Ligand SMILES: Cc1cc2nc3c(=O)[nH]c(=O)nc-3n(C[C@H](O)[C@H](O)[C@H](O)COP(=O)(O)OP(=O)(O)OC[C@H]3O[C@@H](n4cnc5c(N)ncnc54)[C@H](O)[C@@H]3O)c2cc1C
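The chain below stands alone and is given as structure tokens, in the form predicted alone.
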Amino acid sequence: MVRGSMIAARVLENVTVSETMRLLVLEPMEPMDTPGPMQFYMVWLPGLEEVPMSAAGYEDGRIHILVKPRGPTTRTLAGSRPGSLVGLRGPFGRPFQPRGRVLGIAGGSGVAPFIYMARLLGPRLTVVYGARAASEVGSVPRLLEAHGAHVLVATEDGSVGYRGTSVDLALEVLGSEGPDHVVAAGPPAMLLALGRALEALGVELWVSVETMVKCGVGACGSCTLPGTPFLLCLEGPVFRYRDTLGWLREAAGEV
């Protein structure tokens, strides 16, 4: 398959994960490359835009994606019935393949790439997952623990796990553990707060970011991170925190 070519994929399953997320299992109708950790696909529905979706799993050629309804495309995807078809391109981006022990911090649907990473790293991965309430957590811990990862949950209302944010809990974990790598994915404000806190502690943070992706092959330049020469579709989606500051501040509404 030519890199960037779109192929059809059949929806095999659409499973409720939480009050706000669905897990789709897609079966491409032609062979596609195996995704690496943190890589993503472009998913398309007729009459709607393409959207980047992290690989939340890959098994026997089937691709898992975690969908949180936000815009027209993701709302329609979340309602997809088994047997329906979607367009699929990818995988895109550079795999993030850390060695040693990894601490992942995730908020909302930012947990998707960690579900796939859990399959690859097993007990070498600890994930701090943050949500507003238990209803938004759902079965996320089970999806991570199924592959041996350690999971700690933080909810802002204290309805399950630690009362507070994922950033608060991550700082407590770092006080007692010394992971080889720290990587985060989630809302820009969360990533910005975490980055500033870890910068003060001298801990290097890697962040998985989201921005507009059009071609996916580095030709259009639409996914250039502000203030950098980096293209998310080629060099990302995981970058050192310091390289994403311009994008994070802009996305969080600080500039």
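Residues carry their position along the shown sequence, with the first being 1. If you're wondering where the values come from, they're calculated on a predicted model, not measured in any experiment.
One more form of this protein, predicted together with the ligand, exists but is not displayed; see below.
Of the residues given (Gly122, Pro82, Pro72, Gly158), Pro72 alone sits with a heavy atom within 4.5 Å of the ligand in the predicted complex. Contact annotation for the candidate site: Thr126, Leu192 and Arg196 all lie away from the ligand in the predicted complex (no heavy atom within 4.5 Å). Proximity of Leu66 to the ligand in the predicted complex: non-hydrogen atoms within 4.5 Å are present.
By the criterion of a heavy atom within 4.5 Å, Leu205 is excluded from the residues contacting the ligand in the predicted complex. The ligand in the predicted complex is approached by Met212, whose closest heavy atom lies within 4.5 angstroms of it. Contact annotation for Thr165: none of its heavy atoms lies within 4.5 Å of the ligand in the predicted complex. For the ligand in the predicted complex, the listed stretch (175-183, 140-148, 104-112, 127-135) containing residues with heavy atoms inside 4.5 Å is 104-112. For the stretch 216-255, the set of residues having any non-hydrogen atom within 4.5 angstroms of the ligand in the predicted complex comprises Leu232, Pro237, in sequence order.
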